[in-house]
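This document opens with one chain alone, in structure tokens, the form predicted on its own.
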């Protein structure tokens, strides 16, 4: 399966999707001008991944900030992983947030209330 590795910018997140090494991560800031165009290859990759997922999948979100349009896409991503869980596979979401950013913790908790996937909350400092 192809690897997706997108370097982050001021407005777009770093994305690393590497099935062979078990690395599935989105980090940084997500406020792309065209959120659908930016995330389309990522959603397509997840669809392909869902056909033959790893025995245990850990997907890491380490976002500093995301806009409203990105929040919808994040939910779409989580719903795709919920489908993987429903097929009997193990998935854990690693939701990182800065100790001073309670809003990011609350966002993760809200997503966890919507989807039936275990969330691990990871606090980080600078």
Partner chain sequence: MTKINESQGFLDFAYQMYKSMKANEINLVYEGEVTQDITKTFTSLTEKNLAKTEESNSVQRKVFQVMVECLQNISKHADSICEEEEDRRGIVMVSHGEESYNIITGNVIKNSKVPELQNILDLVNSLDKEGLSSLFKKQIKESRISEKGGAGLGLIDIAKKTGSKLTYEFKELNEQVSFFILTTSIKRSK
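In this text the structure is predicted, and so the values were computed from the model without any measurement. Positions refer to the first chain, counted from 1.
Same protein, other form: the form predicted in complex with the partner chain, not shown, and the subject of what follows.
For the options 92, 73, 85, 50, the one in contact with the partner chain in the predicted complex, meaning a heavy atom within 4.5 Å, is 73.
Contact check for residue 114: a non-hydrogen atom falls within 4.5 Å of the partner chain in the predicted complex. The partner chain is not drawn, but in the predicted complex it has no heavy atom within 4.5 Å of residue 20.
Within 4.5 Å of some heavy atom of the partner chain in the predicted complex lies at least one heavy atom of residue 32. Contact between residue 64 and the partner chain in the predicted complex is found at the 4.5 Å heavy atom cutoff. Taken together, 36, 69 and 98 are fully in contact with the partner chain in the predicted complex: each brings a heavy atom within 4.5 Å.
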